[in-house]
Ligand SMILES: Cc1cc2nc3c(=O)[nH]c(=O)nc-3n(C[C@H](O)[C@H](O)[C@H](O)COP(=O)(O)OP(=O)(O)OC[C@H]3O[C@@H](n4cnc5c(N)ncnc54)[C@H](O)[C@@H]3O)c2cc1C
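As a starting point, one isolated chain is supplied in structure tokens, in the form predicted on its own.
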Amino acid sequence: MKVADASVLVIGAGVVGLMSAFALLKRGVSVSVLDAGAPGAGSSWAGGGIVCPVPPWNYGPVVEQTVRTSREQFDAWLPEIEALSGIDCEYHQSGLLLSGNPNQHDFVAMSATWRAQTSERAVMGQRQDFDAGLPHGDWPAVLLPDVPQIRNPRLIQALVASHRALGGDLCAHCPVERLVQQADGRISAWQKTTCLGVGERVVLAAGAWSDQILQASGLSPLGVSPMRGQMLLFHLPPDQAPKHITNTGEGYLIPRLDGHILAGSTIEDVGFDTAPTPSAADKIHQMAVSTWPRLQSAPIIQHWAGLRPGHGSDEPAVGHRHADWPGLWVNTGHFRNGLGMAPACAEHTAEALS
């Protein structure tokens, strides 16, 4: 097979890896991307595409600022990505509605503290003030009207197409097991005895599998581990769907423009098991119906699971981590905020490596 040879070799074709490649290609850097499966088939496809931590007051200022910077990058990059690919990623401000019940004093207190400290536009009220279709209309709620969402499967398709349009190389179904630092300082990627690619520098963006690759390369791990998340997909006529992304503390609903509604999500420490389970489907279905009763009779279109790259910190692992390998850069461990932080982390990576 052909060995990928580039200035920068990116390991992982999820949204983090593909956006890092896009930012580098825009700077005229030659890039090859290797992925163990189909591009974006892991957590990037399985996620919901909310460009905001949920709830935002559970995360620190680094995550919040990174997501804010990512929104600016989305605004700057998406017109070009969509033009190169011909794919509408459905990036739009649907708003995020967060609510609790009258007994959840921590919801009111924490949201008030957060609203006093953030520049995010936020409106406090009751559920009925924002969406009459929600049950318990007099319960407290906060609307963040500027929060956007993106249709992540379309974003992945658009990034793959724009990557190739900009001259990038992409090898799907090329699982990298380990990295080797060569005598000339370049880094090669290997699957057993086969060299898959060589780069002057390498960006490790392999998500939940990043630590496996590091350890097989004789390097210390970052503390990244797989955390399974399961989702359900419903469909309603668009005028019967929630107006906003809606989170009640038990889960969330994400309404797409065409009436599809994503419901999730679980957090399960089950290793690399990606099998959906009936028990999770039942739990998510109960949450979805209690949040939006019209879903009681809505068909379940699909049920799936993905593996988020959990990290010991809410902050991702981005930058140099191994002094003896100056050409190795990591961009992983984004946990539940990969879509929200990917553009900012990609731009930071490209600035450092170009």
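No experiment lies behind these values; they were computed from the predicted model shown. Note that residue numbering follows the sequence shown and begins at 1.
Keep in mind that the form predicted together with the ligand is missing from the display, and what follows is about it.
- Residue contact with the ligand in the predicted complex: G37 places a heavy atom within 4.5 Å of it.
- The shortest heavy atom separation between L96 and the ligand in the predicted complex exceeds 4.5 Å.
- When the ligand is considered in the predicted complex, F335 lines it closely, a heavy atom lying within 4.5 Å.
- Contact annotation for A205: at least one heavy atom lies within 4.5 Å of the ligand in the predicted complex.
- Contact annotation: of the candidates G229, P255, P140, G168, the single residue with a non-hydrogen atom within 4.5 angstroms of the ligand in the predicted complex is G229.
- Checked against the ligand in the predicted complex, the candidates A122, I213, A280, L222 yield a single residue with a heavy atom inside 4.5 Å, and that residue is I213.
- From the list 289-297, 28-36, 315-323, 57-65, the contact stretch for the ligand in the predicted complex under a 4.5 Å heavy atom rule is 28-36.
- Looking at the ligand in the predicted complex, residues A4, G199 and A344 place no heavy atom within 4.5 Å of it.
- Applying a 4.5 Å heavy atom cutoff to the ligand in the predicted complex picks out G47, G48, G49, I50 from 47-86, in order along the sequence.
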